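This document opens with one chain alone, in structure tokens, the form predicted alone.
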Amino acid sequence: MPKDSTRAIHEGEEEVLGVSSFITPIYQTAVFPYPLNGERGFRGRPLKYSREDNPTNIVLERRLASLECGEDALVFSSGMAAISTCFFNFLSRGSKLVLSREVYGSTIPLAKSFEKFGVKVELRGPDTEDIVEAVKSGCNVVFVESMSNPILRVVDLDLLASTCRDCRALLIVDNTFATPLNLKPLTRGADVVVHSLTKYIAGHNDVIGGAVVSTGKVIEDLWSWRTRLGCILDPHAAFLVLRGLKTLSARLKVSQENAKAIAEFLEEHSKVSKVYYPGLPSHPTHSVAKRLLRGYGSVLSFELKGDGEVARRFLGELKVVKASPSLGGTETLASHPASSSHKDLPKEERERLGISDSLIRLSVGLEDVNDIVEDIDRALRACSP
């Protein structure tokens, strides 16, 4: 089988609609010719309408399924659309969802909104052992992130997947931070993988998208929900994701090397009290990360010596690094989780998770690492009390 970097460029590019093309084209059409002769198209259904399927999207879906070692995949208008569709499909009145406390800030209120439909939602963790205890107590669906935001805890998928299998609970893993190049949750026992394509996979901070990878049966069910909800990815966005995906391996190699160097620099900096990066032996889940991951990613977080005001001044002093809440792109971005991704969590809950007012999250890009280090060092010295 070809390696990941090769599959990220070529997988799924078989002939589409009877036409072979070197670069997958954008099928910018709402409708297709009605199959009067009963022809069967992709997934055993004829192509009729781009709210259901589109050839550009299908190439991307084939490629993502291959990289995640799944049978099939679907792409969505955003990562949240992918998660929402999963919840609509897998949850019903009387269901119990166990959700890690340390997930993307919008995922928790989304899950909580299903309580009005008779779904019970239980927040546990962020440690894997606590989530496992909740699963043993009984549940239907478990949702975790393979690498959490913003403390970068790596969930012990071997332990969690084994417990879910024994307890007959469905395990959904958001693999956005790890990417399929560093971790393939389906091979570790997960049932469903979701991605925000906006981040590493598209990789250029210029497109919004999401994806789900699983078995053919699960994808068939989710396809029906995606069609009803109308949240398919636009074909032009799919084209941009395909283009970005081709350089994922090269981008991740450089950004991970940069992130490791910056994490080591910050760990020795006099203005920094703590650094969170799975590649550092000091990280609380370093041993799990070392066992599960092929690479440690290019996101790290660090606490400044000071309060939230010092953190805001730090962001204002940056020049090369940009203050922005996304990640996984070519640019190095810094964010303040307490006032952005996790602003809706009560302060006590943020502190319980380690998200202090002085915490900064850094998504390391492709700039020269010395330029990034110099910019951060200058900003740290300028903002400190």
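Just so it is clear, the model here is predicted, and its values are computed rather than measured. Residue numbers run from 1 along the displayed sequence.
Absent from the display: the form predicted together with a small molecule. The rest refers to it.
Of the stretches 229 to 237, 180 to 188, 76 to 84, 110 to 118, only 76 to 84 has residues with a heavy atom within 4.5 Å of the small molecule in the predicted complex. Contact annotation: of the candidates Thr176, Ser255, Ser100, Ser214, the single residue with a non-hydrogen atom within 4.5 angstroms of the small molecule in the predicted complex is Thr176.
In terms of contact with the small molecule in the predicted complex, the residue from Leu245, Leu292, Ile208, Ala161 that brings a heavy atom within 4.5 Å is Ile208. Contact check for Tyr104: a non-hydrogen atom falls within 4.5 Å of the small molecule in the predicted complex.
When contacts are judged by a 4.5 Å heavy atom cut-off, Lys96 does not count as touching the small molecule in the predicted complex. Using a 4.5 angstroms limit between non-hydrogen atoms, Lys199 touches the small molecule in the predicted complex.
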